[in-house]
Ligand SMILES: NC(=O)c1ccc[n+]([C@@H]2O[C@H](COP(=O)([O-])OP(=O)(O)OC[C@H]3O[C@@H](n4cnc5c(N)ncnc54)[C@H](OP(=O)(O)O)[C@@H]3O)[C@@H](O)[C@H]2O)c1
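Only one chain comes next, encoded as structure tokens, the form predicted on its own.
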Amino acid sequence: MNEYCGQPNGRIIAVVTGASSGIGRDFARLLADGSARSAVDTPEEIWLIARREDRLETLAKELPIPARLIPLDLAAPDGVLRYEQMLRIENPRVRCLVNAAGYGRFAHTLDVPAETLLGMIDLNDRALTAMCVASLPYMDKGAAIVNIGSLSSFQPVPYINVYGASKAYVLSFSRTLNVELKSRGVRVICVCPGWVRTDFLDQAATDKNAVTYFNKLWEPRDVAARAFADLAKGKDVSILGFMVRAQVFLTKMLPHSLVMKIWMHQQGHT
């Protein structure tokens, strides 16, 4: 792995993907207003990455520090390459990278176009991995990577199986990368929330297979705040809520065949 290639007095930045809405937006807010300083230094500038530039503009107006708007589709072949080019030109110190870009679909696998399923893997896994690899040469001791996983990271989930599998990858990748980077003093944490009140649910659901059961909807700001608190404690996984942690525990103890039956019953599938 490359060593840090910037200057010790280089500009300190944070980078947030999926910053236009939901969890990514609130991670950006907490980084910018200093609420995350117990876990990571407050950046001098924040780079906001998402496809919807108009929403990035709205968010940037709220933030107390300068924001660079980077309208990118990270799933596109040249998406991360453009980010890498910006790093080479600017040569900043990346103190925090938040990979919050991602999507899912609630549907029978055969009802979803292959392009959508493969695009899910491209964004949730390939782009996330590429963002980490591109950013690490610009990260030194005390820097952090925050990858957004899911409660689905811990269990197979019918009718959203590709999404769940992609988040299982994020969990495994994040925890092992955290071990590999200990000698450099760079921390990695995987955030695994339950149901969160974001646009994700609207985008994921279909008329035929919409989710019908929610035990609790969490606020994205609470998920982000808990993630930074857990990062400050040295944890490599962040899970908000007793019921979510209990479900994770049960998925480790129970046969996954039973876990899937319970899920199917909750959602009204036979």
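Sequential numbering from 1, following the sequence displayed. As the structure is a prediction and not an experimental result, all values here were calculated from the model.
Heads up, the form predicted in complex with the named molecule isn't pictured, but that's what we're talking about next.
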query = in the predicted bound form, does each residue in the set Ile12, Glu84 and Ala143 place a non-hydrogen atom within 4.5 angstroms of the named molecule?
reply = no
Candidate stretches 130 to 138, 190 to 198, 86 to 94, 177 to 185 - the one whose heavy atoms come within 4.5 Å of the named molecule in the predicted bound form = 190 to 198
inquiry  = Check Arg51 for me: does it contact the named molecule in the predicted bound form (non-hydrogen atoms, 4.5 angstroms)?
reply    = yes
query = With a 4.5 Å heavy atom cut-off, would you call Leu171 a contact of the named molecule in the predicted bound form?
reply = no
query = Though only this chain appears here, would Val157 touch the named molecule in the predicted bound form if you measure heavy atom gaps against 4.5 Å?
reply = no
task = Look up in the predicted bound form whether Val98 has a non-hydrogen atom within 4.5 angstroms of the named molecule, and give yes or no.
result = no
Neighbours of the named molecule in the predicted bound form among 52 to 75 [non-hydrogen atom within 4.5 angstroms] = Arg52, Leu72, Asp73, Leu74, Ala75
